[in-house]
Each structure stands twice: as structure tokens, then as C-alpha cells.
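Next up: a single chain in C-alpha cells, the form predicted on its own.
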Amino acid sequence: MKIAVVGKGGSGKTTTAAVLARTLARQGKDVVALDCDTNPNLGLSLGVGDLETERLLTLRDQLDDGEIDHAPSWDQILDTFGTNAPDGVRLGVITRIENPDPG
């Protein structure tokens, strides 16, 4: 199942995404939450904290600036640009996925 949360600024997208991700993970589902926002705060809403959220944002900025390379596979995307959040949610902070494996 894939769920996208979209809407205008200030409409509660980040909060809704965090609640959905943690609820599904608590039900035993494998959950990967991707924060693609220009102002990524999903890490804070999921409970990973300021420092880890900032670390992921810095990595994303380094990628956008060409300082680090894209990850060639889904697992490597999450290993490089992701972290473990509470309740078993895996969080990734990204701008885009280039040539993802179809799995």
C-alpha cells in the first residue's frame, strides 16, 4: 500500500503523515515514511528529534549540491538518507528518487 499526503501549506499534512505512519507501524505493517517537503519536519513529528532531522536534511542538501552521490537502490536510499523512528517507522528525507528498483 502506498499513501501520499498532499494539501496546501498549514493544512496538517505532516501531522497526518506522522499519525498514519506510526499507527500502521503499531499494527505490524512495514512503514517507510518519505519526507519530500522543502521544509522537512516529518522527523520531528515522528519523534526522531532535532539533531537527527537536521542530519538528514544536511545529507539531502549535500545531494542536491552534488557533494554526495545518489543511492542506486531502495535499500541504499534508506541506509544513506534514512533513520529509524519510533514504533518501527523508517524515515527518509529526500527530494527525488532516481532510477529506483521496482521492488
Ligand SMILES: Nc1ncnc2c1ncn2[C@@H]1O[C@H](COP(=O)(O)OP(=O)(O)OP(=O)(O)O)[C@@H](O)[C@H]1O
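Being a predicted model, the structure only gives us computed values, none of them experimental. One-based numbering along the sequence shown.
Same protein, other form: the form predicted together with this ligand, not shown, and the subject of what follows.
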Answer key, this ligand contact in the predicted complex at 4.5 Å (heavy atoms) among T15, N84, T23, T95: the residue is T15
With the partner omitted here, the residue among D75, D61, E54, D37 that in the predicted complex has a heavy atom within 4.5 Å of this ligand is D37
Quick one: is T80 in contact with this ligand in the predicted complex, heavy atoms, 4.5 Å cut-off? no
